[in-house]
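Heads up, the chain below is alone and in the form predicted alone; it's given as structure tokens.
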Amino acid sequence: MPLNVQATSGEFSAAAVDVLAVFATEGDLAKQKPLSELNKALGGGLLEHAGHVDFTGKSEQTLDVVTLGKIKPKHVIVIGLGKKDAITAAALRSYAAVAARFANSVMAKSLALALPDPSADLRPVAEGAKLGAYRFSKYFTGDRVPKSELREVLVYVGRATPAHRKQLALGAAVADAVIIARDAVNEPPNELYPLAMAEIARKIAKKGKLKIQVFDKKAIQQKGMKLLYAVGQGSVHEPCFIHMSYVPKKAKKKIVFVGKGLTFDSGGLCIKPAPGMGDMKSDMGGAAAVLGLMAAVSAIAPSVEVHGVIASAENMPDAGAYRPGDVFGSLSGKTVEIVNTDAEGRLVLADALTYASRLKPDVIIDAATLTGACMVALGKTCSAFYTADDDLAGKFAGSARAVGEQFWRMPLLDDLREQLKSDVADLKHTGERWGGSISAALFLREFVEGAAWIHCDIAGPVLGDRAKGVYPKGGTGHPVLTFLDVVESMG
């Protein structure tokens, strides 16, 4: 049953719900009105319990109190928002997500949310509630099927208006788009292969009235996408190339998003070690983000022309697989010497970036789970981004901050370009171990053909090993929200 998020008025402490979520900021809890009122209703037990467990209102700190019938809600969860002057839209989104995740954990069907500012835009609240309630339970049977699910979220505002309903509906639509990306990352690779990804894209296009083209293996070969073809030639699942487009009248700008869509990466003939190989179903996280973004764009309907381009393949060690030492051409015409078949992502992106450049956009943004080197540098919760355009970098970093997703700008160090020189071709596709994420970005730059460009290496955050804020364990939907903010800021 879809989660219903609606605005309502009245006293939140009187809500007949399973869980009531209230907020706290750092400082004297007794002086914070919602807490003092609830504490009085609960006979002083709330603040006493907070003191016992050292709850101080720090960001995402939680305090769970069972009400034992003293008030109508069965549970109260107090969620820390940090410093009072740091309550942003991203903080509200996270607050709602943490509350919804807790509600699911106690098998609640209904949740009430008290807001620190009842006049705030409710879109991020709806986004957070739906994203926090998310669970990927498609393949559970019997006792593993969740016994209950959150069905209703009441958001308490001063007075519910049509504007509130519109904000909540928009937030729910954006959350549904992020969930498309999460589901795609969570799908097992025997279910999600390149042509299956194309079917997801077709459904998004049909629902959102987007244009779509899907090129099969034969068309990829005919168009000269030789690098994409090479990566996919060792699998029984044929590669495909997807182009989705949203073209409004009188568009102010044109932006192309490019996603790496390796539905499974065994490493090819340079096969990966067994530990961790199962996580390589997430090697299409960039493509998943593009799918989610295009669904969100169709819901938002910005005055910006947006294209989503996905190069999808499966990298397998079949007898027909491409080999180290092979040389292939590309859509750009440049030849590439293969050094390591486990560095396949930059190859499929190379053809996709050339294709994107020929659409003549104002900017290209690509997303790829590209290098382990990026995770070594930044950890598993922060993505890297590369661009030579300082103004573009500032705007992109601003979008990431606005939605609460972590990105860090990395340098395009031209002296590392020497690592990509080949003795037998125009380029070799990998360099030395040191600076591996940078040399990967430099390789991609060779195929952009002069367009303004941002490369996002998102290897860490697309697959979470624990729930935090808006992100669940498993597929997170990173960086759909950042990309959507970039689009909206250009409109």
Ligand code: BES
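A residue's number is simply how far along the shown sequence it sits, counting from 1. Predicted model, so just to flag it, every value in this text is computed and none were measured.
Although it is not shown, the form predicted together with this ligand is what the next lines describe.
This ligand in the model of the complex comes within 4.5 Å of a heavy atom belonging to Asn340. Residue contact check for Val185: none of its heavy atoms lie within 4.5 Å of this ligand in the model of the complex. Using a 4.5 angstroms limit between non-hydrogen atoms, Thr369 touches this ligand in the model of the complex. Met280 belongs to the set of residues with a heavy atom inside 4.5 Å of this ligand in the model of the complex.
Just one of Lys272, Arg401, Lys72, Lys226 comes within 4.5 Å of this ligand in the model of the complex, counting any heavy atom, and that one is Lys272. Scanning Glu344, Glu127, Glu314, Asp351 against this ligand in the model of the complex with a 4.5 Å heavy atom cut-off leaves one residue, Glu344. Partner contacts here mean any heavy atom within 4.5 Å of this ligand in the model of the complex, and among 84-92, 372-380, 191-199, 97-105 they occur only in 372-380. Proximity of Asp265, Thr430 and Ala459 to this ligand in the model of the complex is complete: all three residues have a non-hydrogen atom within 4.5 angstroms. Heavy atoms closer than or equal to 4.5 Å to this ligand in the model of the complex belong, across 203-238, to no residue whatsoever.
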